[in-house]
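Here you get one chain, nothing else, as structure tokens; it is the form predicted alone.
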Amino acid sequence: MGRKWREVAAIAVAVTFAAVSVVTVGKRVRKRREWGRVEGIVRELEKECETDVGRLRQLADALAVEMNAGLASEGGSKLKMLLTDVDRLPDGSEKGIYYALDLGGTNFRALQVHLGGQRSSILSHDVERQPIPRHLMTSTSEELFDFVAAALKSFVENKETCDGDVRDSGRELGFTFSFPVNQTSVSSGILIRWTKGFAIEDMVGKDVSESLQLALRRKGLDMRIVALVNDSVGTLALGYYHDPDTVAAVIFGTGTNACYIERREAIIKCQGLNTSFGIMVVNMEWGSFWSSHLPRTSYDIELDLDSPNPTEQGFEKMISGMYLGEIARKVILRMAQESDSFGVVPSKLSTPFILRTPMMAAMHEDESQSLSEVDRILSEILEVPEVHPRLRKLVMKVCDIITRRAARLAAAGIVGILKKIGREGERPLGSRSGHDTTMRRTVVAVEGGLYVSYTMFREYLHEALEEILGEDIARHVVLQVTEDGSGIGAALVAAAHSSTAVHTR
């Protein structure tokens, strides 16, 4: 009897062990399947974001074609190709003190710039930053510009008193106004619409320079607005002031834009356009560029549909700092939803724009063996607890794929500009066949935290430039970082267009 019970017990143990083994194996199989799904999401993303050199050259060609179309007629292109009326750039002959006002967000800056009369000769510059009270962002144009004018007057008086150079007249100002404007002259423009939280209805459709000029008079400050520019034009002016080989400027920050120097005869939509030196700076507003060659994913489509401006700014939504972190968040959210690898999907992971691009860059550039920075951001920002090291590597891979695509598309955009003006080794698009095709040193001024602070973005962009252009041509192209184009650059444009300026070109 005892023997029989022992046999029964042994069978029971064996059955239990087999059952446990089956459960364990089942768990392992499910785990492998979940990892397979997560890895499949990343592989799919990598495939959809592919930017081989052939595709990048197609994009550069498409951008150059759109640029030509935008110069031929209004509304003829996805690119606005706005004429800035800036027909001369600082050449080093500018001398004296000029002021700048930079209004483009929830803060504004006043600057005084002292120029020494030689190229790249900024003797001094002083800056004062002030926040704009939130109620003024939705009040009236008079209240907003009176506040700005009063602050500018205080800044000017303090500077001139400290410098012992109090003046009653003769002050000239460059005004950086980073909102959509229809430029009517080098110093004036009509506001098309507000962005960035501003909603002052009585200002839309009016000349922003005139509104500021009236406010300056009300406050008793004798100062003439000489130039109205956006940040990309200011960056080009600053780059050109330091290096006359500068032909274009690009901004890679929260947003993105580009401008460049165009020949007068290439601007067909303004036949008979009179410019002092046969050139005009063109503000491309290249964030609105679109082409079927752009590698768009389901995450890009979803982001666009959820945005305040669906179907607009397609290029910007793929390459600018405003959106890269959000694209990464959407991918990570899908990874969490399709597996248990993240545990219960945290609500923070479903919060739009909670993962900002600087955080994404910190994860991407984490060089620690355990990827501790990836773990910290996932747990502290997205509230994903105890992330497996293998999963941290996949998250880093997602950041790499998105950043690499953005940087390579940005590089294609730069090559498109160079192609249009004949600085990538070929005859400029739309020019006469006899144009000189000798490759010259070509400088593109660059500003923006995405390029300056995000090392991997910058390295991928440079790598793609060399791939598209080829090593022999790429060595003639220089990307030169400038600092404060929207401030110092605006003062330089004012100096170049000053009533007292003497140009030697």
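Counting begins at 1, following the sequence as shown. Bear in mind the structure is a predicted one, so any value in this text is a computation, not a measurement. Just so we're on the same page, rigid core means the largest C-alpha set that superposes within 1.5 Å between forms.
Beyond what is shown, the protein has a form predicted together with adenosine-5'-diphosphate; the following relates to that form.
The three marked residues, Met322, Leu450 and Tyr454, each reach adenosine-5'-diphosphate in the predicted bound form, with a heavy atom inside 4.5 Å.
Listed stretches are 253-261, 407-415, 383-391, 214-222; the contact stretch with adenosine-5'-diphosphate in the predicted bound form is 253-261, by a heavy atom cutoff of 4.5 Å. In the predicted bound form, adenosine-5'-diphosphate stays beyond 4.5 Å of every heavy atom belonging to Thr246. Using a 4.5 angstroms limit between non-hydrogen atoms, Pro358 touches adenosine-5'-diphosphate in the predicted bound form. Within this chain, Gly116 is remote from the site of adenosine-5'-diphosphate in the predicted bound form, having no heavy atom within 4.5 Å. By the criterion of a heavy atom within 4.5 Å, Asn107 is counted among the residues contacting adenosine-5'-diphosphate in the predicted bound form.
After superposition on the rigid core, displacement of the C-alpha of Ile132 between the shown form and the other one amounts to 2 Å or more. After superposing the rigid core, the C-alpha of Lys393 moves by less than 2 Å between the shown form and the other one. Phe315 is not among the residues whose C-alpha shifts by 2 Å or more between the shown form and the other one once the rigid core is aligned; its shift stays under 2 Å.
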